[in-house]
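The data below hold one chain only, encoded as structure tokens and taken in the form predicted on its own.
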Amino acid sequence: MSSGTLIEELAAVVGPRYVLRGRAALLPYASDANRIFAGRPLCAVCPADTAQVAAVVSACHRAGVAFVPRGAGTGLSGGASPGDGEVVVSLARLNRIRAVDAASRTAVVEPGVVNLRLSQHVAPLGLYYAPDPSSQSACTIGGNVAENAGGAHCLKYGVTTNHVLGLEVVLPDGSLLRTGALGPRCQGYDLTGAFCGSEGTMGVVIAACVRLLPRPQAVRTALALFRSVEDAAAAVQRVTACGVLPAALEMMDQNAMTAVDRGAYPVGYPPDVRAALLVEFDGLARGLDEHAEAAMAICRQCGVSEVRQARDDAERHLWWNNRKAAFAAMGTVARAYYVADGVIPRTALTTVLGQIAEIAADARLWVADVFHAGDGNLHPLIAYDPAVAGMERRVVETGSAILAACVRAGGVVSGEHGVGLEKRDELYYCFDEQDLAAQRDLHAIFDPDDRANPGKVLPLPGRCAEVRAAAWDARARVAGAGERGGAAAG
């Protein structure tokens, strides 16, 4: 089947209005928020329901053309970036909340439902959806499932997979699979878990049954300012070891504070402060003040410059808006940024942060550290100018060196952003060929022809991530070497 014939068939399924072609129309679909890995898709298709998704995928299957499922495009690993000639399947129109069961605390939602909208929808019932990525006002549930997204409160509540009970998936041949709570029964292998974090490489999620939680009775939030990163890291370790579990434990270094205070939600950090720690407890009102005071007492013992509890919801929201705006605020200090997503043991915070500083200095790059300190999920933001020749390559290689340092410290290469194209070769830091062969075998069961988001997540056999020049060239070929620019905020 020719590309023209395929486009005609897709238009017959969704209507000509919802098949996008041409350079201008396809530019937003050329990549996710990581603009380094961009391609030139054949077209972007916007189906409206399950039947249309199945028909679109079936048409691609018959034509032998690869497809890329796409949510809101806020991902940061190149997971939704198409290769040249591939079909982007946008799920933005599948945005219904199909059902809410307050008694069982569950909801069935389509992939295009915006994360924050779900919590707003069930708020009158005293419920909410716990996973809260920084991009929750824009990112969608389908993308969250694909990347196994986390968020600031995953220290206490876990990441997306901990809140997904079942899925409906269109497989790469167009057939339908139901797993978990959306399937005929819940026994057998955990296919729901297998699809969470699979990044669209085994099929297209078209519905998810998710767990809802009762809204906390009370919340207490404290902000601690330190004159050294080492003191702040020590406070993180001691708070998590003291017997009370924070809902969130977030940290920013001085560079990150400089950026966010130039943004839309300035807090006014003193110039001599080197690290800020945001600590939040939630749950039953009784005893919560004691938990917050225990955390603040530990911060005082660790040489804090200032620590105080939020006076009211307005101040709490300011602190959180300031923290969650960190990625976007990088635009106040640089034309572009690149973010790594490594995870380390909390006990290695001081050591690895020091190594990141050394790696950045060697590469002559400016880095701001902002991260989920409670679970060791680091987000070093590497500032750069994409107009400088060779800069993107240097930035990607610096990110790879940071991930290698995370793995050497006992960590992994991704906590919540996924692997995509960005960290595909870095999986060799964690797995050997036998490990990866088992994952390829699982993938082949669902996608034997490698049509679903090909080239993502799993490296090709025999590749070595340490050969950075070859890895970069391969990335460029797979991604299509399309429009390039800086990574946007996710």
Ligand SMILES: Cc1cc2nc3c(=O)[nH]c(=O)nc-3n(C[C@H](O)[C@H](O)[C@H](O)COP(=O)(O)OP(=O)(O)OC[C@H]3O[C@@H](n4cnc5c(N)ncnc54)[C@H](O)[C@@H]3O)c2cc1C
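One-based numbering along the sequence shown. These figures come from a predicted structure and were not determined experimentally.
This protein has a second form, the form predicted together with the ligand, left out of what is shown; the following refers to that one.
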Answer yes if any heavy atom of His163 is within 4.5 Å of a heavy atom of the ligand in the model of the complex; otherwise answer no. no
Quick one: does Gly399 come within 4.5 Å of the ligand in the model of the complex, counting heavy atoms only? no
Quick check on Phe327: any heavy atom within 4.5 Å of the ligand in the model of the complex? yes
Are any of the heavy atoms in Ile298 no more than 4.5 Å from a heavy atom of the ligand in the model of the complex? no
Using a 4.5 Å heavy atom cut-off, which residue among Gly374, Gly83, Pro133, Gly411 comes into contact with the ligand in the model of the complex? Pro133
Based on heavy atom distances of 4.5 Å or less, which listed stretch (147-155, 382-390, 219-227, 279-287) is in contact with the ligand in the model of the complex? 147-155
Given a 4.5 Å distance limit between heavy atoms, list every residue of 200-239 close to the ligand in the model of the complex, or none if there are none. Gly200, Gly203, Val204, Val205
